[in-house]
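Shown next as structure tokens: one chain only, the form predicted alone.
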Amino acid sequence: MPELPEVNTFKKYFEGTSLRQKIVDVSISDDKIIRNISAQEFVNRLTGKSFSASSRRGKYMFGHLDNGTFVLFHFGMTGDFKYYFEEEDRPKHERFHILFEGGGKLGFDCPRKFARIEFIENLKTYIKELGLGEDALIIQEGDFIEMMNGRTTSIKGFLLNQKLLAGVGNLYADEICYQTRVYPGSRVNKLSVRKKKEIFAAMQSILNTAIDRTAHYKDYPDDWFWKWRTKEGTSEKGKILVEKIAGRTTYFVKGWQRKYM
């Protein structure tokens, strides 16, 4: 599933192609992707409007319409944008597209149909009802550490809990633990303040590096665990083991990553 850096890349693409253009039509080929209103109502709500801005909270991206309402773009596992003019450039698994006055179309491609689109009247209320925590790139170090106080969950479970911290998913959580030499199943309340600060700094660095490289995995640094994470065997730091931690398949390096239990 796309995580914070991937969604940030979608956001930049959206801003570079689709802002401040009048929407003249919306064509929906799969109405199941529109989750909270009917397809026709979605078309009616967008037609004649334009996107004035966009924002992101963790893995959630929001298009801001010029009348003060919003569209949620949640990409699921395979959602993606494609801006095009010619029909032959239409994405193969397009679920809907937005037609702009200049003739450009913003297509939403989603082969596996796990994405969801919603129309939102009040963004603050929506985020509150969703229970999303602070964005992983916005949260301050002091708030991050305070949020850890007294928690007995695993550090991986903490990083993945979107109600505490929005944006970190399975792959980046493993990377954070690898770079800070912490076993992902370590208990949060057993970590020193110094180690918690290391984890915060690594999280910020990893996410920002991924964003700078437009979440293009092949461009990630050679010394990242990413290079070996999906292979059982040996990394440059030792033997890779695989366990279920916080309900997710988790990769770590035996002996390199210390257990705090």
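Numbers follow the displayed sequence, beginning with 1. This is a predicted model, so every value here is computed, not measured.
Below, we refer to the form predicted in complex with the DNA, which is not included among the displayed structures.
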- [ ] Could you spot which one of G133, P91, G169, G104 gets a heavy atom to within 4.5 Å of the DNA in the model of the complex?
- [x] G169
Open item on the list: Check for me: heavy atom within 4.5 Å of the DNA in the model of the complex, for each of T17, R20 and K128, yes or no.
Closed with: no
TODO: Sort through 82 to 90, 96 to 104, 145 to 153, 175 to 183 and report the only stretch with a non-hydrogen atom within 4.5 Å of the DNA in the model of the complex.
DONE: 145 to 153
Open item on the list: Within 4.5 Å, heavy atoms only: does K32 come near the DNA in the model of the complex?
Closed with: yes
Open item on the list: I'd like to know if Y60 sits close to the DNA in the model of the complex, meaning any non-hydrogen atom pair within 4.5 angstroms.
Closed with: yes
TODO: Mark F114 yes when one of its heavy atoms lies within 4.5 Å of a heavy atom of the DNA in the model of the complex, and no otherwise.
DONE: yes
TODO: With heavy atoms only and a cut-off of 4.5 Å, decide whether M77 touches the DNA in the model of the complex.
DONE: yes
TODO: Scan 3 to 22 and write down, in order along the chain, each residue with a heavy atom lying within 4.5 Å of the DNA in the model of the complex.
DONE: E3
